[in-house]
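Only one chain comes next, encoded as structure tokens, the form predicted alone.
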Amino acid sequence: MKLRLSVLWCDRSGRFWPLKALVLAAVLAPGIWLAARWSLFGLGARPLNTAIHFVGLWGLRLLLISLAVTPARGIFGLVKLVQLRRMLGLAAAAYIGAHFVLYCLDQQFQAVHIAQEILRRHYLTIGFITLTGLAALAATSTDAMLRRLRRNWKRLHRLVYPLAVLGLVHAFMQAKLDVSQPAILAGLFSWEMLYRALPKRLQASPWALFLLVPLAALATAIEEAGWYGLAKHVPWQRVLEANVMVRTLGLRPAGWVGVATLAIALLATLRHFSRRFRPPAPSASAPVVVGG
């Protein structure tokens, strides 16, 4: 079967879609930027380690962006956005695959040693399970596999949610001291799951979205505090207190998640009122008066 590269920037009807071309450029940009910086300026004392973390973090970001397609479609009525989900999911799997390949390169592709490390270190075990699961989802993301698996296709691809959780746990464990980035991603994932838990009739309601803002921020604060308390044995109360001390400590992950989700709720409100006060379209049967 001949591969047509035009599918990367065309919609399902075969027409050029500027948004899809823009998204394609956006998902390629982090990899291009990393390669350019590595070749021109270097990546510090441990370039491979820097590259490993960079592509892994972008893989997780893209995975959560792919999960954000459904809320964006429901909130803003952008039905066509669903056509971007496959590209974003495949890009996420590719970056996470590159994350693993770079790790293998760092270990000089010593297969036995790598396998022992994956079995010995919990965060590597979790990461490898996530990679394997995403590879299975990527391999079955074609139209042909969708037709072949039928109802089982949806059941299989619902695994993306537990895989995202495992990916976030892996990111927390890799982050060592500063878990700001994983905490923000975990908070945004919590918002995505809270949105999906809403009744269908409320998923486009600005008031329901405003309700999700403090819930997502609170979930972020609890996740960050829980991680520090369980994994680092830091008093979790101090972490929760830090999330409200904005003036002295700046925005914590809960604050950033609150800002992001508040922006979504405000945009949904603007859309709601703009549609409400939009003048009605003229009826097709109504007479058209020309001139005065």
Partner chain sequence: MLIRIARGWEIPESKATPEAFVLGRRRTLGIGLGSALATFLPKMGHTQQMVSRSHRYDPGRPITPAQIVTTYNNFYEFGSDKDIWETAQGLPMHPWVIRIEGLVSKPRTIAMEDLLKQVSLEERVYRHRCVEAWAMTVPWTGFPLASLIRLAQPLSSARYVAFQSLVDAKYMPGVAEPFFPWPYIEGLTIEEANNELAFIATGLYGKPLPPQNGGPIRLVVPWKYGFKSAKSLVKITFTDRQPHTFWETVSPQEYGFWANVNPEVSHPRWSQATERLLGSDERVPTQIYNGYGEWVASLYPNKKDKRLFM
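Computed from a predicted model, the values in this text were never measured in an experiment. Residue numbers count along the first chain shown, from 1.
Separately, the form predicted together with its partner chain exists; it is not shown, and the next lines address it.
Open item on the list: Taking its partner chain in the model of the complex, would 9, 90 and 98 all count as contacting it (heavy atom within 4.5 Å)?
Closed with: No: no residue has a heavy atom within 4.5 Å of the partner.
TODO: Specify the contacting stretch among 147-155, 182-190, 169-177, 201-209, defined as having any heavy atom within 4.5 Å of its partner chain in the model of the complex.
DONE: Single hit among the candidates: 169-177.
TODO: Could you work out which of 259, 28, 36, 234 is the residue within 4.5 angstroms of its partner chain in the model of the complex, going by heavy atoms?
DONE: Residue within 4.5 Å of the partner: 234.
Open item on the list: Going by heavy atom distances of 4.5 angstroms or less, which of 69, 242, 265, 57 would be at the interface with its partner chain in the model of the complex?
Closed with: Of 69, 242, 265, 57, the residue with a heavy atom within 4.5 Å of its partner chain in the model of the complex is 242.
Task: its partner chain contact in the model of the complex: residue 108, any heavy atom under 4.5 Å - done: Answer yes; at least one heavy atom of residue 108 falls within 4.5 Å of its partner chain in the model of the complex.
Open item on the list: Is residue 76 near its partner chain? Define near as a heavy atom within 4.5 Å, in the model of the complex.
Closed with: No - in the model of the complex, heavy atoms of residue 76 and its partner chain never come within 4.5 Å of each other.
TODO: Look up in the model of the complex whether residue 40 has a non-hydrogen atom within 4.5 angstroms of its partner chain, and give yes or no.
DONE: Residue 40: no contact with its partner chain in the model of the complex.
Open item on the list: Can you tell me if residue 196 lies within 4.5 angstroms of its partner chain in the model of the complex, counting non-hydrogen atoms only?
Closed with: Close contact is absent here: in the model of the complex, residue 196 is far from its partner chain, nothing within 4.5 Å, heavy atoms only.
TODO: Let me know which residues along 24-51 have a heavy atom within 4.5 Å of its partner chain in the model of the complex, or say none if there are none.
DONE: 45, 46, 47, 48 sit within 4.5 Å of the partner.
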